[in-house]
Every structure is written in structure tokens, then in C-alpha cells.
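Below sits a lone chain in C-alpha cells, taken as the form predicted on its own.
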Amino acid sequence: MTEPAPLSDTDQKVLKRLRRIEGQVRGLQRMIEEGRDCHDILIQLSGVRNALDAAGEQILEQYASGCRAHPGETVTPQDVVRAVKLLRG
């Protein structure tokens, strides 16, 4: 079994962002459990959604530049369109 390649700086930044989002989601759960004001919960939820969008865009940029393609493969325009559609869901 081969070991995965070391993470790039961009990968490390994405992981850091995702860990921060994970903390925000835990905060949302705690807010609901504590019966916090709906307005405050919605503000936090909006922040989580924006953070997820930003992480998705960063991953899409990596994909579009070819770093997530399989070795020896190029990323075609159709691949990018498919990735954008997945991101926009």
C-alpha cells in the first residue's frame, strides 16, 4: 500500500478552514441546545454557509488548475463545468 503524497500548502489551508467550520457547526449545535435567540442562530448559520462556500471555491480552484486530476490526465472544460455544477448543487 502506498502512502499518500504530502499535503500542499493549499491543502493545509483548506483543512484548516474546514476545521474552523467544524467548530462553527458545533457552536450552532450548542446555541440550539441552549435555546439561544433564532436571530443569533441564523447569523451563525449564515457564517457557516459563507465559510463552506469559500472552502468549496478554493477546492474548485485547485481542481480547475489540474492539481486534483489523476497523474497524466488533463482537466477538460467539461470537467470544470461538472465540478462547478456539483459545487452549486
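These figures come from a predicted structure and were not determined experimentally. Counting begins at 1, following the sequence as shown. Rigid core: the largest C-alpha set superposing within 1.5 Å between the two forms.
One more form of this protein should be noted, the form predicted in complex with a further copy of the same chain, which is absent from this view; the next part is about it.
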Partner contact for D9 in the predicted bound form: a further copy of the same chain, 4.5 angstroms, heavy atom
no
Counting only heavy atoms, which residues in 40 to 60 are within 4.5 Å of a further copy of the same chain in the predicted bound form?
I41, L42, I43, L45, S46, V48, R49, L52, D53, A55, G56, E57, I59, L60
Please check if Q78 moves between this form and the one not shown, taking a CA shift of 2 Å or more relative to the superposed core as movement.
yes
